[in-house]
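As structure tokens, one chain now follows by itself in the form predicted on its own.
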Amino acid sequence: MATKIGLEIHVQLKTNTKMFCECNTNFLDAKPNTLICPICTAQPGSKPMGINERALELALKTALLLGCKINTGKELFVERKHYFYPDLPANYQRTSRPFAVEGELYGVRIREVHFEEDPGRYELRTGEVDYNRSGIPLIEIVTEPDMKTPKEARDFLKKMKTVIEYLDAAKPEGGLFKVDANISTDGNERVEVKNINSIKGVLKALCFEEIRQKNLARQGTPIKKMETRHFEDTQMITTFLREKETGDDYRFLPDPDIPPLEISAESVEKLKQDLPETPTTKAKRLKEEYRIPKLEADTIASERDLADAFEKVAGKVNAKFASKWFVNHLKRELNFRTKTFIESKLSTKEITKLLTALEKRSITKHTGVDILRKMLDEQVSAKAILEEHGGKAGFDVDSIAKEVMLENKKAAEDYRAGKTESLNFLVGKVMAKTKGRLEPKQCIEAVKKGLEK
């Protein structure tokens, strides 16, 4: 049975004020219902202010990064989308008609992009409503049903997340994405799954729903009417909510309180000049500028903060060496801890100190990884740990080799007399003095160098 998946991706935009009023949007640590006013709670007689200009700019830039065509030179209406739910005090949500269409990202077509205001937060289990979120600017990105498996949908969302992070357009406390996923299998009508608040949740919800639909078809009871289901994130299942609404059910009509907006071609061209690199263009530039393999460049560019850190470090140490370390060790350790680079709180200054010590071979690769883990888990500085491993400048292996030969003159003389096995003895002594924190090859070279004098 073939599966078709399309996504409706909601992104809270990174603005200081709400879409149609001046209330603060930093709701993460705020007490419930403290960041509100008559406008965002739809008090009788209240009227919306003009459209938040910063929100509109971020919405347009996001659409441009997704390769969309902007609808310029036409009146863009903000409409009232009517539905009745406790988190929507006006009983309608203000949402624009699509201002961008026909984009594409990594082979998935973008049908349309529009902006709207976020509803409040309704807690189903307790019946409590918090309107702090009500009115926060959102964009909704609607894809075509081009994904064929839950894994494809998850991977696409990861790439979408990276693009939006490069623009710095989303509020981090919003969890970046809220997703409604539409899925259908052969013999079944389309089902919309709501309340998915993470990329991992998208995979879980779609996997459950795909199996459920295919089992129904096999049992001879396929889904005949479109329906909306709720994702229970604690149980990783979907539950029936209602039959799927159509556009007519929402009774869309232009909001008489908000004048139509016209986006000019000149303003779009100006925004294009201010767009950041995309992950794809960043990876291409890293590959060419630093002469690193494409796979490494792609991995580093997959996270904007990681890529920025790499470029700062690559200016202080060998870029190819830094690239391999970032991909093979730093990124791996971050993934193991399910952390982004910015969440790790690592500084480029500390990473540079660690890589400089590795490059000078003051410490072994194994020791370097141990130090990195301490930096991540204990928030200890590289400087403090490196001093434990031989001082600020690392071990002076030549001086240590000289000291070992003075303490073991007979072994040194035996080696010069042709007894090559004495070399292993002397190298062992050097490694003991350095507590095994230097590469054996480095110790051998230092001993040989001292024996030749």
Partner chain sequence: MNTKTKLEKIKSQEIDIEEESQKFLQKITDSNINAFITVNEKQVIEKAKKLKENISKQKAGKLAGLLVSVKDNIAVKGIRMTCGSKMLENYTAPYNATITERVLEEQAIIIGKTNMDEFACGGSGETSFFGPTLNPWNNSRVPGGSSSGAGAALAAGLCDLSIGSDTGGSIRSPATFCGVVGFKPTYGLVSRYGLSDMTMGIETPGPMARDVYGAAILLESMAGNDPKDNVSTKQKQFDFTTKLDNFSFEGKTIAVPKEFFEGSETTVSQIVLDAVEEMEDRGADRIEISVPDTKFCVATYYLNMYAEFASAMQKFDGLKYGFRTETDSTLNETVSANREQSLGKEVKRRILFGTFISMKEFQGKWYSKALQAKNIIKQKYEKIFSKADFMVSPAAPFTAFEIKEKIDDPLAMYLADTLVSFANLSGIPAGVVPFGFSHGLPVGVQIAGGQNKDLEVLQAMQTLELKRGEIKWPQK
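None of the values given here were measured: they were computed from a predicted structure. Residue numbers count along the first chain shown, from 1.
Below, we turn to the form predicted together with its partner chain, even though it does not appear here.
Comparing 204-212, 252-260, 315-323, 362-370 against its partner chain in the predicted complex, the single stretch with non-hydrogen atoms within 4.5 angstroms of it is 252-260. Only one of G67, G428, P38, P32 comes within 4.5 Å of its partner chain in the predicted complex through a heavy atom, and that residue is P38. Of the listed positions (Y131, F231, F115, F310), a single one reaches within 4.5 angstroms of its partner chain by any non-hydrogen atom in the predicted complex, namely Y131. Using a 4.5 Å cutoff between non-hydrogen atoms, P89 counts as a contact of its partner chain in the predicted complex. Its partner chain in the predicted complex comes within 4.5 Å of a heavy atom belonging to S46.
Contact annotation: F84 falls within 4.5 Å of its partner chain in the predicted complex, judged by heavy atom distances. None of the heavy atoms of Y106 is located within 4.5 Å of its partner chain in the predicted complex.
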